[in-house]
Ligand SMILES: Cc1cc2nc3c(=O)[nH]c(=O)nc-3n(C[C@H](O)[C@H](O)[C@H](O)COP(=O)(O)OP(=O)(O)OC[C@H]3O[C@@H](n4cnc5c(N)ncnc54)[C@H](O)[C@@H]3O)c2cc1C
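Only one chain is given next, in structure tokens, and it is the form predicted on its own.
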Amino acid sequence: MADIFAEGFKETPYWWDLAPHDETDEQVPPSQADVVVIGSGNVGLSCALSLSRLGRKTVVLDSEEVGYGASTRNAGYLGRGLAFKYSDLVSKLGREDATKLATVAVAAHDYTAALIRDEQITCAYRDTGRFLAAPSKRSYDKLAKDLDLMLAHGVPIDAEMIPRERQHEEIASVVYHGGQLLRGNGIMHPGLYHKGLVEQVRAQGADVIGFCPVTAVDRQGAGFVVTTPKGKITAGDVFVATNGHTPKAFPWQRRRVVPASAFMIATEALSPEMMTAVMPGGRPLLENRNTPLWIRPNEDGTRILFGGTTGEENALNLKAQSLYSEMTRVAPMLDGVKLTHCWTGKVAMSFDWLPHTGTHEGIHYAMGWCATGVPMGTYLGHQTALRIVGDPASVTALDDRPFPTRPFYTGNPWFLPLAIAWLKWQDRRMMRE
């Protein structure tokens, strides 16, 4: 392979160029708080913002720098769905539960879009829509069936099927069999979104403290004592919002999420003509399969960002070469462009492929986003704040659902390479049919 790396190539998220992180944090947490939030991603920050506005003294703690995790590493998609397609939800849970869960996903999108607007968070949010690309005729037919079922059941959706002969309107590629155009979905700059949340939370008087890992949480009367290397905090409530970075201090939650690595690359700046040729509609693309690839324009429409999930933990320069091969397979005209960034981040899946929120032994949690973390995490962070203060408006169809784990699993996903190999085998079989 020819040299694909631009001068100054970075193995850090592209998003961090405009939203750099603080590499040190000497702040010491207060000895008392109403609520301690563990995890400084979008979930924890959304909860802290709502709690602060409800008059609760809130402290947000993170074991790394503020925003180290997936909130500033993800693809920046603001969708309206879950990992499951609606028809699969109906088969698994029945029409009533499936419709309730689909409605929660729509509410999560709408809440997050409104939050960006109302808080005036400058994160290049655009309501672009999304193209779900079908890698096979079978995949296309499944998307069409799913859309018909949602419309028949009254699920709020604005979408249409794009047949193969029209897919050039969305992507300069011949590898797909058409797809589904979903309106009402958007993209953003996740680094700037997170930065805006941090600023708003601190403006409301909450503490957001990095490099302050929680090593223990112990009951004390009706509340808790949270232990950190920087001191102990007495709090009435604790919220765990750590997702793919859940520490051993929370074994019950840690056993119920499966951290997995996703990877992305960013191209050098491209001409407007090249950007339009590759993605004529300017909409992000997501493949409709178990181990999808995705492609989107950056915040100002001058670069291509491309990503995929994998169980392999190769060096990032090798991962960049692998993703480059996939990118040029999907969009051959990108062959020859150079890469400026390659990075990784940890998502977290649940064993039932649904997000979960609730309370265990008095400790609140929200996690297992299954690649829906930007809207769903923001929304359920807010809903957790309402639950903490006793507001009945906190109730959602995702609350306190059975949160499964597996025997002998303690949070180390040793089986992940095998699971991903199985999912990829299923994808290859589907593409042959």
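This one's a predicted model, so the numbers in the text were calculated from it and none came from an experiment. Just count from 1 along the sequence shown to find any residue number.
Just so it is clear, the following notes concern the form predicted together with the ligand, a form of the same protein that is not shown.
Mind checking whether each of Glu170, His177 and Met327 has a heavy atom within 4.5 Å of the ligand in the predicted complex? Looking in the predicted complex, the three residues Glu170, His177 and Met327 all stay beyond 4.5 Å of the ligand (heavy atoms).
| Even though the ligand is not shown here, does Cys212 get within 4.5 Å of it in the predicted complex, heavy atoms only? | Yes, Cys212 lies within 4.5 Å of the ligand in the predicted complex.
Contact label in the predicted complex: Ala108 to the ligand, heavy atom within 4.5 Å: Answer no; every heavy atom of Ala108 is more than 4.5 Å from the ligand in the predicted complex.
Given that the ligand is not shown alongside this chain, does Pro259 nevertheless sit within 4.5 Å of it in the predicted complex, heavy atom to heavy atom?
Judged by the heavy-atom cut-off of 4.5 Å, Pro259 is well away from the ligand in the predicted complex.
Taking the ligand as it sits in the predicted complex, is His245 in contact with it (heavy atom to heavy atom, 4.5 Å or less)? His245: yes, in contact with the ligand in the predicted complex.
From the candidate stretches 379-387, 401-409, 48-56, 363-371, select the single one in contact with the ligand in the predicted complex, where contact means a heavy atom within 4.5 Å.
One stretch meets the cut-off, namely 363-371.
So which of Val278, Val347, Leu147, Val90 reaches within 4.5 angstroms of the ligand in the predicted complex, heavy atom to heavy atom?
Of the candidates Val278, Val347, Leu147, Val90, Val347 is the one lying within 4.5 Å of the ligand in the predicted complex.
Notebook entry, point to check: Looking at Met264, Val201, Ala102, Leu354, which is the one with a non-hydrogen atom within 4.5 Å of the ligand in the predicted complex?
Noted result: When the ligand is considered in the predicted complex, the option within 4.5 Å is Met264.
Original post:
What residues, if any, in 36-74 have a non-hydrogen atom within 4.5 angstroms of the ligand in the predicted complex?
Top reply: Residues within 4.5 Å: Ile38, Gly39, Ser40, Gly41, Asn42, Val43, Gly44, Leu61, Asp62, Ser63, Glu64, Tyr68, Gly69, Ala70, Ser71, Arg73, Asn74.
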